[in-house]
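Have a look below at one chain only, the form predicted on its own, in structure tokens format.
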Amino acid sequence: MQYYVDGFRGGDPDIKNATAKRRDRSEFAPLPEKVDVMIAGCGPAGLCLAAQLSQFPEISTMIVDPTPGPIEKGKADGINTRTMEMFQAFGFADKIKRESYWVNQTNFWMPDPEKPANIKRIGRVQDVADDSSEMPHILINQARIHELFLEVMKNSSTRLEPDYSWSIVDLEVDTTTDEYPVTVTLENNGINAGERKTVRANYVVGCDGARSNVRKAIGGELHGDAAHQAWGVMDILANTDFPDVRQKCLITSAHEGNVLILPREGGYLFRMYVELDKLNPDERVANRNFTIDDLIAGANRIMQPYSIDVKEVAWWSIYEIGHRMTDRFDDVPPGEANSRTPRVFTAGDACHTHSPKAGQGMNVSMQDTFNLGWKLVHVLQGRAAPGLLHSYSAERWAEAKRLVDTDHEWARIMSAPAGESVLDNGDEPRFMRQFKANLEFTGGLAVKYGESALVGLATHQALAKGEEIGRRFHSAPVVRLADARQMQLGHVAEADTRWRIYAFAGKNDSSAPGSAIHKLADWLHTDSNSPVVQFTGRDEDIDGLIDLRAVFQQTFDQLAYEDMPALLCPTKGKLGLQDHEKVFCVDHKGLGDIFDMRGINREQGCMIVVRPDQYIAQVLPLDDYQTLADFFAGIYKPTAR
């Protein structure tokens, strides 16, 4: 963690200096008349976006929610490894690792062949594959995730806070103007219930759930189907003779249905998803009037010969499975992408819904807005043309489709009777096989963005076989040269909308003058064609948009820091202080060699260009300056320096 760059300041370094120009939050202060970004919904998607935007005092952001305050319990609880990598960028992954339950194994239970009325454990699967991520798969109360995002917002220079008890009821887009073209109608749901206000915005993002008013206002509809199957979910404190209650379990009974057990944070709490009744095609789950007693009784029937003795119910709910998504995630009608750019977006449940049992909803929702956030920032800063925003719907729709399709299959298998979900050869149940096949997907690691202005060709993929273009950057252990600290290379990336270029040195390259690393750094620093020179603002630090890091094959004691080029030890901030944290070496204490682990060509080395949302955009030879220049020129506008 770096701070003091603008001078010494005591106290918590996570709390930034407040900007002088920020919104009046006093009790009777009016709502703003205009904002750059209006966010509807304080769920994971909305708060993830607000936390990003809060770091930029030049961007005015407002986030509204109809509830009177933050949630305290219930809803989602699964955080996959990819999302944990994102949380590292926001600075709170370590807090979550300390507080949460880590999913290490998933156990499978089915009817005992000798006594089918009883269940029997038939297998175990390691939940997170070795070296698939440095992060764990965890379970924790969704409210705690909200709290940590709210903390990031409150600690930012803008001191951003939600406007609770307000909801978007309608909006209109004026396509004839570029200045605050979206007129938003807000309605109060609190002490002044029914009061309406209008706010004009440059952009609106609807993270307002499956019944999204934002989606409806732009003509979006959820398309899909329902499984007509009722399920219950309960977070409970209970005693049980079931031996695997502190491990994730998928349980299938002979005739009573299925249960999913998810241990939770704190050592005592656990969640149970309990299959209930099949619904008629014209029936809604509310018609059945299920109670918590129905859930507990259903769980005890399915788990025979074991039972649960519930001492306290922290939260429970009934739901029915549905799989739906919209045909686009923004307000641009089909066929008009060449004549207009998006002003309104939807994210999360507002544009894709599915069952909660695959543990993907909260994760995919946050990844939606992590994709959108940096693009909004760069457009609002004037760095990029508004056309960049078309890429949000193009990239995230494909991933939502994958989510809905995969979850649809998973829900079908989970709800199939035991006799209908076993492979013909009897080796293992189909739901266990499906679970294994989906490990990459459930970890959030299957996302791969296709070729576009933001994702280059795979021409030089062989230079880094383990860092696939279009997928997230896969971290590995390194040692920082300046202080010999062991760390993960990917952890240098913060949620600050900057690009990273990781330059991996070739054989015998120690960054002496004339070496490939030295020449690349000098070109980036001084050449008029360099994207650093062309697209970094006059008042910005040299790494304000593009952050160069170098990784060498030698150990830290074999390199001379004084040989490093200026761009790898730049001066920054008000005091012009030198940054000593740009250079890394291979790990020398047995955690692994990043060149071997990620298939980096040792002879030539390479550079890996990573987007602000941590996805790989390019793999290039160290001397392919022109391709690098052309790539960034296709995204950004030159700045006067």
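Just so we're clear, the structure is a prediction, and the values are computed from it rather than from any experiment. Heads up: residue numbers just count along the shown sequence, starting at 1.
Omitted from view is the form predicted in complex with a further copy of the same chain, to which the following refers.
Asks: Only one of these stretches, 57 to 65, 571 to 579, 36 to 44, 597 to 605, has heavy atoms within 4.5 Å of a further copy of the same chain in the predicted bound form; which one is it?
Replies: So the stretch in question is 571 to 579.
Asks: a further copy of the same chain isn't shown here, but in the predicted bound form which of 328, 525, 301, 97 has a heavy atom within 4.5 Å of it?
Replies: Only one listed residue qualifies here, and that residue is 97.
Asks: Only one of 382, 190, 243, 466 comes within 4.5 Å of a further copy of the same chain in the predicted bound form by heavy atoms, so just point that one out.
Replies: It is 243 that has a heavy atom within 4.5 Å of the partner.
Asks: Run the contact test on 216, 316 and 615 with a 4.5 Å heavy atom cut-off to a further copy of the same chain in the predicted bound form and return yes or no.
Replies: No residue of the spot touches a further copy of the same chain in the predicted bound form.
Asks: Does residue 334 make contact with a further copy of the same chain in the predicted bound form, using a 4.5 Å heavy atom cut-off?
Replies: Contact with a further copy of the same chain, no.
Asks: Answer with yes or no whether residue 24 is in contact with a further copy of the same chain in the predicted bound form, where contact means some heavy atom within 4.5 Å.
Replies: Contact check for residue 24: no, nothing within 4.5 Å of a further copy of the same chain in the predicted bound form.
Asks: Within a 4.5 Å heavy atom cut-off, is residue 101 in contact with a further copy of the same chain in the predicted bound form?
Replies: Residue 101 belongs to the contact set for a further copy of the same chain.
Asks: Wondering, does residue 132 line up within 4.5 Å of a further copy of the same chain in the predicted bound form on heavy atoms?
Replies: Residue 132: no, not in contact with a further copy of the same chain in the predicted bound form.
Asks: Where, within 110 to 132, is there a heavy atom within 4.5 Å of a further copy of the same chain in the predicted bound form? Residue list please.
Replies: The stretch touches the partner through 124, 126, 130.
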